[in-house]
Every structure is written in structure tokens, then in C-alpha cells.
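Okay, here we've got a single chain as C-alpha cells, the form predicted alone, with questions on binding and movement later.
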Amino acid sequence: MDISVTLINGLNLAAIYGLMAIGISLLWSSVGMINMAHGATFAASGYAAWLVADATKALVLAAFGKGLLTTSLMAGITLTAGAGFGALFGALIYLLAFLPIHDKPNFPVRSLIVTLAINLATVQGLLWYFGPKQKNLPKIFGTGKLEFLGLSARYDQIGAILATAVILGLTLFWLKTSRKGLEIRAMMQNPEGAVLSGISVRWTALPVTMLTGALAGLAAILLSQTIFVSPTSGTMPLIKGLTIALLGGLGSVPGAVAGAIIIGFLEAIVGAIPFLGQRYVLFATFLFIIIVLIIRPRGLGGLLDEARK
């Protein structure tokens, strides 16, 4: 087992899984909603980025030719398209799965059913329009390998790790310093107290769904650097995001980060062991999560429901 390869693969998986898990945790802890359409956001954002990149690639090449500037411009266009469409899809989820039912009884169950319906409808719509063929996005980080201090990593892996670190840093900075971010954190810690303080659940949920949608869109772009976009490409990231959010503890952003790192490295290590390999990655992952949840039912850093009330 090559330690350097395992380290890079673990960090790469942790980065992408972390974007999905944090989005799920943020939405649950702030408005009490489990978004089963997170995978649909992932897939739809990937296709939106592919359409925009495919439409603009010829224009950018004609204007600037091949080179670093063209690669940088295409990277910016692709990331912006993915994040922007993800945010718009998040707003659609807000309009369909939150606004009409947030004040109704059993809102968590109702929203889960509605978002699951949105997910199924979106996947079928993508299959109908694009067909089952996979699409490849531009290599926004270029192609090649970088070797440093005995470590060898592809450009897409390095780019995904660094981009995720920057994205999560900016997200946490916004949550800690902006007025809306402080309102979201207040909803996460004490929803009833936040409402009594004049914070509107209705208008706090919109930026949360848009933010989590943008994170899912960015995760789609970063993961699609190593795989292809397809109508069902959001299924596995959704499952991994949900399980990692449960492992870290629903409502805990640090817990989601820790869970993503643990699962990323666990998958990389199990996949690199010769007598196990990729066949046993899912089995090992879910076995580990089940053991942790048996020992600590609320996850690594989950918020107590009683404390939030």
C-alpha cells in the first residue's frame, strides 16, 4: 500500500464528501429539514455547468487560444455555473419543499417526502433530456502530476483539496461574521429563542437552501474532475453525505468535517488493501458508521435535541 497515494486519495474524498455533508447538516440544524433532493442538485448543477462550459469553450478558445488564461477562464466559468445553478435549485427546493409546509405538523417528514419526489422527478427529467450518456466537464485544474516531498498527486486532486478548504473557510467566515450568518447560527443553536428574538424562519431558510445548493453544485464540479456527470451521479454523493452527516452528528458542522475526513481516509485505506479493495469499501464504511452510532447515537458532535429546545 502506497502511503502517499492513500493520503492524497483520502484528502480528495474527504474534501468532496465534506461539501455534501456540511450542506445537509446546515439545513437540518437551522430549519429542521433533511433534503433528499441534495443528490438531484448535485446532478443538475453538473449538467448546467457542462452546458455552459460547452457553449462558451469555443468562444474562449477563439479569443485567447490554448494556454493558462483559457484554462483559468474555463475554470471560473464552470465553477460559477455549477454554484449558481446549485443556488437556484436550492431556491426551488425552498419554494416547493419548505415554504408551503414549514408551519404544518410533521414538517420534517413532509419535507423529506417532497424532496424525495423532487429528486426522483429531476433524475427522470435529466434522463429524458440528456439520455443515459455521461458527460465530461473541462479539466479546470489542468492535467498532470505534481511531486513534492515524496508525495505524488494529480492536479485535479490538489485543486479539489485546496478549493474545498477555501470554500469551507469562506462559508464558516460568512456564518460567523455576517448578519444573516449569525441569524442562521442562532437558528442552529436555539430555534425557539431565535424566533422570539425576531428572526424569521421563513426568510432564514432561503439563504440556507441556496447556500447548501451552491455547495452541492461545487461538489459536483470537483468530483466530476475524476468521474463523469450523469443523471444518477448524485445518488452516491447523497448517500455519502447523509451517512457522514449522521456520523458527525446532524447539526454539527465540525462533526461533519471530522466525519468526512474519517470516511475519506477509511475508504482510501480499505481500497488500497490488496485483499479487500473497492469491493469492500461500502461495507467497511457502513460497518464503521453503525459501530460509532451504537456507541454514540448522536454522532461525533451532534447537538442534543433537548439542548436546542
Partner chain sequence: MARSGADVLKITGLTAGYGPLRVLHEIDFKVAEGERVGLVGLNGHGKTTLFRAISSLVGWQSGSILLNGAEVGGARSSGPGRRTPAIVRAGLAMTPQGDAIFPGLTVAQHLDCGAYTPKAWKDRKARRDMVFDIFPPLRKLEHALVGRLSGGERRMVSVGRALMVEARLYLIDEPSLGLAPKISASVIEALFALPQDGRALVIAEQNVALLSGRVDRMVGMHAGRIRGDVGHVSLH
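What we label the rigid core is the largest C-alpha set whose atoms superpose within 1.5 Å from one form to the other. Note that the structure is a prediction, hence the values are computed from the model and not measured. Residue numbers count along the first chain shown, from 1.
Same protein, other form: the form predicted in complex with the partner chain, not shown, and the subject of what follows.
Checked against the partner chain in the model of the complex, the candidates 210, 186, 153, 74 yield a single residue with a heavy atom inside 4.5 Å, and that residue is 186. 199 is the sole member of 79, 168, 161, 199 with a non-hydrogen atom within 4.5 Å of the partner chain in the model of the complex. Only one listed stretch (153 to 161, 101 to 109, 214 to 222, 80 to 88) carries heavy atoms within 4.5 Å of the partner chain in the model of the complex, and that stretch is 101 to 109.
In the model of the complex, at least one heavy atom of residue 182 sits within 4.5 Å of a heavy atom of the partner chain.
The partner chain in the model of the complex is approached by residue 195, whose closest heavy atom lies within 4.5 angstroms of it. Among residues of the shown chain, residue 190 is one whose heavy atoms approach the partner chain to within 4.5 Å in the model of the complex. Once both forms are overlaid on the rigid core, the distance between the two CA positions of residue 197 between the shown form and the other one is 2 angstroms or more.
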